[in-house]
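Single chain ahead, by itself, as structure tokens, in the form predicted alone.
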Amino acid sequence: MEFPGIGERVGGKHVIRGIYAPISTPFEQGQVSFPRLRGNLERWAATRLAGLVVLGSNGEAVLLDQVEKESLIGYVREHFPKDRPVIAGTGCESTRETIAFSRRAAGLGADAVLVITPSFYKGSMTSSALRRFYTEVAEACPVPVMLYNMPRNTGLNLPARVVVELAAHPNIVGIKDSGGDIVQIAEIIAGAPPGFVVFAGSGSFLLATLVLGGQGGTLALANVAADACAQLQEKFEGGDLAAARRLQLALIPLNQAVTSRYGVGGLKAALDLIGYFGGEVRPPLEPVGEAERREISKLLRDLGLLPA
């Protein structure tokens, strides 16, 4: 199998494309379980995923301490095929700590970093503040930087005009946009220079993003339906829009279950059901109940991811 990755240059930028899974973090008795993670990594490596994101929202990154974060970056890079990129989530509330963490992530083997918007002082996160934050991070970071827009979690939207302005920086190579505003995604794609990558941040609008000119997605859904997500992109790029559309519509119910409806608990339940290790969520998050697990199980069976 061939996998897209990082290295090709378009318009002076490293290109990142394809389907990435923002992987979950396995816990046992409250601790990160590296043996369980190793098993999951082996299974993800057997799929058509282009790469992985470690320390994303679905990885419960905000609930991890710094030692855990750095250990996870190094472990995932060491135990995932070297020809497929590992992107690390390194966004912090201060510019200083984001730069320091991004440099450490690069030293641990991360091929690129994904930087979420600072949001605690969201009222002060003006366009000017965000431009300065990302520019300073990009100037100091030794690996490519991807912007991360996640309004549902941060309460802050990274405006399209700011993204387009930042896209001119040679070390800001793309954005994961989880906002779901297709108009905003279109505006970014229309205004950004060649080589700037736009990723869907949810499986619910992967096809729409690809149709507009996006290059892939970083999808919670790809943790449990990696090949289906990759196939959707392959069908679209191969000119079979009807097949891509059928796949997109079929994936929406499961995508909702492992994201907005049941969150990380739903994603981990789905992983357990298909033979990966999902395991515990870290408090204050709560696991799903039996009724929710039954619903998720049915959705997985409907997609052929579980025996009938």
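The structure presented is a predicted model; accordingly, all values stated were derived computationally and were not measured. A residue's number is simply how far along the shown sequence it sits, counting from 1.
Quick note: we don't show the form predicted together with a further copy of the same chain, though the next part is all about it.
Comparing 105-113, 79-87, 131-139, 218-226 against a further copy of the same chain in the model of the complex, the single stretch with non-hydrogen atoms within 4.5 angstroms of it is 131-139.
a further copy of the same chain in the model of the complex is approached by residue 189, whose closest heavy atom lies within 4.5 angstroms of it. Among heavy atoms of residue 196, none comes within 4.5 Å of a further copy of the same chain in the model of the complex.
At a distance threshold of 4.5 angstroms between non-hydrogen atoms, residue 241 is in contact with a further copy of the same chain in the model of the complex. Among heavy atoms of residue 30, some come within 4.5 Å of a further copy of the same chain in the model of the complex.
The contact residue chosen from 271, 37, 264, 49 relative to a further copy of the same chain in the model of the complex is 264, the criterion being a non-hydrogen atom within 4.5 angstroms. The candidate spot formed by 143, 164 and 169 is out of contact with a further copy of the same chain in the model of the complex: none of the three has a heavy atom within 4.5 Å. Along 218-251, residues 236, 241, 242, 245, 248, 249 each place a heavy atom within 4.5 Å of a further copy of the same chain in the model of the complex.
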